[in-house]
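Below sits a lone chain in structure tokens, taken as the form predicted on its own.
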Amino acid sequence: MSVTEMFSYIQGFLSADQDVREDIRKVVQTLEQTAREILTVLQSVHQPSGFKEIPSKCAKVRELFCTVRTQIADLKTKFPMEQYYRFHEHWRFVLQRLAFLAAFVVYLESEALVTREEVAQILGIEVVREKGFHLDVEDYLAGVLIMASELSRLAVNSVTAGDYTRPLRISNFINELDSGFRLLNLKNDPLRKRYDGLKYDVKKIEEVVYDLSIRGLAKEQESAVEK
């Protein structure tokens, strides 16, 4: 093979790789758009009237996740599955966002932490690497940490909406989450930096709870509910 032939072969390989990446980017763009639509729906729970609409908003989001599953199914056809990590960077960010959205909607529905298996099921992907397109542990954890930031915001807005007991429940949940993350030896730098942000979320929520306790608002609302 001559030098010219060798480089012509290499160019053919590069062109084919670029075509695959372009196909992936197009599908990822549709996923990002759907993720934005889901986020828009969930953002409304931060409004004063939004807490009453949580069940209907969660139902709407569940419908949108059907679209996500269809789009991910399309994404799976764009590259050889054994080359998952070769192209992982293209969808890593949006997958973390979708993991966050799944975690947030599950929390709003049940005030429980979503499992990695539940997120994978919601997105229509696998947990085990060998089975194909899957949810990495790091992507799942990143989504959970993004949710923690969203819950700190929800705690503040709960007070504005006159719901004084919700911040206490959020505080308990976030403290348990923080304790869980302390058990992990995080060596992934981006994940480690995101975990550092959890400390600020904990502090922010603690300040909200402290303010409520000083003013006695949470106890007043609990007493009113009991009556």
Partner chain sequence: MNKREGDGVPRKNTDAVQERDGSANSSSPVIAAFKVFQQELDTKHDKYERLVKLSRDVTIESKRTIFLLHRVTSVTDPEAILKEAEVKLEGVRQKIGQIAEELRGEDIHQFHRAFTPGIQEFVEAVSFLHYIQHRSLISLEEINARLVFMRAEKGSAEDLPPGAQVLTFQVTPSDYLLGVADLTGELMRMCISSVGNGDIDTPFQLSQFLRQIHDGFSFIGNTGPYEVSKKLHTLRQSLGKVEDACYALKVRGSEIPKHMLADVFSSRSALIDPEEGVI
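Residue numbers count along the first chain shown, from 1. None of the values given here were measured: they were computed from a predicted structure.
Note that the form predicted together with the partner chain isn't included here; everything after this is about it.
Partner-contacting position among 108, 123, 154, 141 - heavy atom within 4.5 Å of the partner chain in the predicted complex: Contact check passes for 141.
Contacting member of 175, 44, 165, 33, with respect to the partner chain in the predicted complex [4.5 Å, heavy atom]: Contact check passes for 175.
Kindly indicate whether 53, 76 and 131 are, all three, within 4.5 angstroms of the partner chain in the predicted complex, using heavy atoms. Verified in the predicted complex; spot residues all out of contact, no.
Please run the contact check for residue 160 against the partner chain in the predicted complex: heavy atoms, 4.5 angstroms, yes or no? It does not: once the partner chain is placed as it appears in the predicted complex, residue 160 has no heavy atom within 4.5 Å of it.
Is residue 65 close enough to touch the partner chain in the predicted complex, meaning at least one heavy atom pair within 4.5 Å? No.
So in the predicted complex, is the partner chain close enough to residue 136 to count as touching (4.5 Å, heavy atoms)? Residue 136: yes, in contact with the partner chain in the predicted complex.
Using a 4.5 Å heavy atom cut-off, state whether residue 184 contacts the partner chain in the predicted complex. So residue 184 counts as contacting the partner chain.
With the partner chain left out here, work out from 68-76, 99-107, 112-120, 146-154 which stretch has heavy atoms within 4.5 Å of it in the predicted complex. Residues of 112-120 come within 4.5 Å of the partner.
Where, within 69-93, is there a heavy atom within 4.5 Å of the partner chain in the predicted complex? Residue list please. The stretch touches the partner through 82, 83, 84, 85, 86.
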